[in-house]
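A single chain comes next, written as structure tokens; it is the form predicted alone.
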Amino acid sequence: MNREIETKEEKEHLFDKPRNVKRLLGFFYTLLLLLLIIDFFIHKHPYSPWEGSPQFYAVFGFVVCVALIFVAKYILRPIVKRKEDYYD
């Protein structure tokens, strides 16, 4: 009986509905596409020649993000990771 009352009282959050998640992803993809298109029309002041290429910062950000994931997974995790019985 108490369990039924608890389930009825559970608060529904914004991202519990898949429809809201799809809306948010659609918004982010649209914003990404818009920013990629705007990048062609913005005048840049590059310090190095490759900074002037179109979509440089998008590609650079993606590559650095992927590199950070691999560094965290294969270099930092073995350093920080402890055995399961470390605290026993």
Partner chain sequence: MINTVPPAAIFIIGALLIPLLRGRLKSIYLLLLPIVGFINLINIPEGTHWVIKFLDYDLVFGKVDRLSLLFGYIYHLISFIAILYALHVKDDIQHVAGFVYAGSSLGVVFAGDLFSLYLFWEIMTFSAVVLVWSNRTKASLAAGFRYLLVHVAGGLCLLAGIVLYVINTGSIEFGYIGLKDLATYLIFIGFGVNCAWPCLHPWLPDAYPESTITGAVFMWTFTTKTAVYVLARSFPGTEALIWIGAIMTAFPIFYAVIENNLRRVLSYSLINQVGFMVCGIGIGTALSINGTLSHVFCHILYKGLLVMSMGAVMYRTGKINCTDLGGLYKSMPLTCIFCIVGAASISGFPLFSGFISKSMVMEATALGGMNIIWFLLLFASAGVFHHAGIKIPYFAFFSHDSGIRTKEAPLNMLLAMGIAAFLCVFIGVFPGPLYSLLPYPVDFEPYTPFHVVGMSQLLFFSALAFTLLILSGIYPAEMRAINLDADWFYRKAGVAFYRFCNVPLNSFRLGAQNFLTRVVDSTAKLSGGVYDPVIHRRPMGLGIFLSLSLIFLFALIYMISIYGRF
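Please read these numbers as outputs of a predicted model, since none were measured by experiment. In this text, the rigid core denotes the largest set of C-alpha atoms whose superposition between the two forms falls within 1.5 Å. Numbering follows the first chain given and starts at 1.
The next section is about a form of this same protein that is not shown, the form predicted together with its partner chain.
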Can you check whether residue 55 is within 4.5 Å of its partner chain in the model of the complex, heavy atom basis? yes
Give a yes/no on whether residue 77 approaches its partner chain to within 4.5 Å in the model of the complex, heavy atoms considered. yes
Classify residue 73 as contacting or not contacting its partner chain in the model of the complex by the rule of any non-hydrogen atom within 4.5 angstroms, answering yes or no. yes
Using the partner position in the model of the complex, report whether residue 23 sits within 4.5 Å of its partner chain, counting heavy atoms only. no
Out of 22-44, which residues reach within 4.5 Å of its partner chain in the model of the complex, heavy atoms considered? 25, 28, 29, 31, 32, 35, 36, 38, 39, 42, 43, 44
Any chance the CA of residue 78 moves 2 angstroms or more between the shown form and the other one, core superposed? yes
